[in-house]
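This document opens with one chain alone, in structure tokens, the form predicted alone.
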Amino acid sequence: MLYRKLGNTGEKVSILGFGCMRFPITNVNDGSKIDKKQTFELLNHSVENGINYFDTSFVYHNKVLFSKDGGTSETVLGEFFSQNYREDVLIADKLPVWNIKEEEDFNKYLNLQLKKLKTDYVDVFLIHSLNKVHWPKMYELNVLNFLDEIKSDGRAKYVGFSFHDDLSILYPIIKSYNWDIIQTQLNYLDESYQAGVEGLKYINSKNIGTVIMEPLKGGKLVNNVPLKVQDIFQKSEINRTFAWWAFKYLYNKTEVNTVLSGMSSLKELEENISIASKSRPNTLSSNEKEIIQEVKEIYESMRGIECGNCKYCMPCPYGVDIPKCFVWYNYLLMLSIDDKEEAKNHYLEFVEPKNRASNCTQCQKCIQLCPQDINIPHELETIKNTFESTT
């Protein structure tokens, strides 16, 4: 495993971090039912192979939208690390901004999260999903004073935020406080999306630790890869996996400290560890850079709904499987299927009636949870008209 400095914290982090939002589960209809045996095997294998950054959140593996108890990711992670390796790793957790109604809630939720993690402190505590909507509210509730407090009393070593908006709000947020770490989205398709490459460089210039999320764009860059894209990758002199291209693009940048990946199987974990063990900055050849640029241009011409499959919007109170509906709609667009009926048949086969777009009531609760700012009800209406219309 290779390591890089985490901003000005003095910590060295594995360039591959473990995102704890996609643990294996025992019930496909209930994301809160984590398979602890498999998950513990993954966590143990990760640490034994040098991964030392583990990122969770109050909402990961939740069962109920806006649950006051949160998801089960923290609980399972706490159970594992309370027995193994706690001093060898950095655990990052996030404040559930959606649940914060008053200033007292800051301590209420952090203390609950520490209890679930079975620890007295977290190494990194982030304000989750800062954007134009959440930032003013958190600021008015004196969240910066709270961050000073938890660093002073030892409940958090380092503080920061995860970011889901554009540069116009990123800059003032950064200037407002002496941040330790910022988590931001980047992959070779999102160079100009949200913070993008420009934001990454700015964060790095301030000696703030950079944690990258969505390296595979919710699996889009490795699953159901269009044939036109596969043809471009085959121009490489060496046969590489789709994951190799995505991770190497990020590891090639000196501004990147660590890259999070939500790994649900030992196969995924071992491949990602293998890539991370050989990925030093500035090692992509000019030919490899050209290949990535060609691939990016092809994807740009086929863009669909920008869903990263984070599942923050789930569960829908009316049963809609939002990410799955989006997957099949993007399947139609990105694979350039000429016959819409083929995609429609796949949708009707793999998305149960109770989970289809037509069950959306336009309640709009999902909108404020989406880090990609997708107008989910509007997109579901389009999907309903595309796949469920009888005309």
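This structure is a prediction, so every number in the text was calculated from the model and none was measured. Start at 1 with the first residue shown and count on from there.
The following text describes the form predicted together with a small molecule, which does not appear among the structures shown.
Only one of the listed residues (K228, K253, K217, K157) places a non-hydrogen atom within 4.5 angstroms of the small molecule in the predicted bound form, and that residue is K217. Only one of Q183, T72, Q113, N257 lies close to the small molecule in the predicted bound form, with a heavy atom inside 4.5 Å, and it is Q183. For a residue to qualify, one of its non-hydrogen atoms must sit within 4.5 Å of the small molecule in the predicted bound form; none of D30, K33 and C360 qualifies.
Contact with the small molecule in the predicted bound form, defined as any heavy atom within 4.5 Å, is confined among 283-291, 202-210, 135-143, 305-313 to 305-313. Contact check for S264: a heavy atom falls within 4.5 Å of the small molecule in the predicted bound form. At the 4.5 Å threshold, heavy atoms of C20 reach the small molecule in the predicted bound form.
Although the partner is absent here, E268 is a contact residue: one of its heavy atoms lies within 4.5 angstroms of the small molecule in the predicted bound form. Within this chain, V222 lines the site of the small molecule in the predicted bound form, having a heavy atom no more than 4.5 Å away.
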